[in-house]
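Okay, so here's just one chain, in structure tokens, the form predicted on its own.
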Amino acid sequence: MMFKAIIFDVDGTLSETEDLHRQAFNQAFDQNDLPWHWDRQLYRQLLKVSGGKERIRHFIEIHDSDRRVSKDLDGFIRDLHAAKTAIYTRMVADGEAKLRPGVMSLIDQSLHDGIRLAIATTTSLPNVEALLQATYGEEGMHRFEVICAGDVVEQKKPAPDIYLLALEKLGLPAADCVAIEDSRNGLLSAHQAGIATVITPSIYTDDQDFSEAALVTSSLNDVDFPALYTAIARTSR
């Protein structure tokens, strides 16, 4: 037997995009005359907060002692994040993001074998569209039957909401699916939804705890999915 569907995270999982996001944030800060700069060490900590708008809000609450933002904090965050998204999608369109090893072959083989594909991510839908178009062309979005992205659920990862929505749209139980993630927040989200999870740590998550994962691997090239399904089915009896 085999999983009926594979549900992918996007940033850090389909592609090592997180540093592009960091660069886009910094460019957006510069455009808005903000004296902020997120270096890699700081960004590693900020990634513990899921969602770009939520990340900005967290940074302001912790680090912006001068309170440089306007009284309309929600509007400020929305506009700043929109500027960052525009910068990021241009970077991706210019070819600065590539799929991680094993991703393309897994997607192609899954479609050939009749395995359904879905996306469950906290990143904005335009970011997903930009990556899939840049790597697959116009048909990229059509490779995934279900795409749950951005603010479509009330609570972002590590809450299970985004995965529960993906399961609902697929019309499948968790036991028939496997999730592929790169972060602890993503792992906890899928795990709480009851979905077995394969972790491929990214450059910003390689120090995180993945003890709830069904498998941790550096590359999807190394995953024997039929054997993984059998092992999970055996242990869940």
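In this text, all values refer to a predicted model and were calculated from it rather than measured experimentally. Residue positions are given as counts along the sequence shown, with the first one as 1.
There is another form of this protein, the form predicted in complex with xylulose-1,5-bisphosphate, and it is not shown here; the text below is about that form.
In the predicted bound form, xylulose-1,5-bisphosphate sits within 4.5 Å of a heavy atom belonging to residue 51. xylulose-1,5-bisphosphate is not drawn, but in the predicted bound form it has no heavy atom within 4.5 Å of residue 29. When contacts are judged by a 4.5 Å heavy atom cut-off, residue 196 does not count as touching xylulose-1,5-bisphosphate in the predicted bound form. Contact annotation for residue 55: at least one heavy atom lies within 4.5 Å of xylulose-1,5-bisphosphate in the predicted bound form. Only one of 137-145, 71-79, 102-110, 119-127 lies within 4.5 Å of xylulose-1,5-bisphosphate in the predicted bound form by heavy atoms, and it is 119-127. Taking xylulose-1,5-bisphosphate as it sits in the predicted bound form, the stretch 3-29 comes within 4.5 angstroms of it through a non-hydrogen atom at 9, 10, 11, 18, 21, 25.
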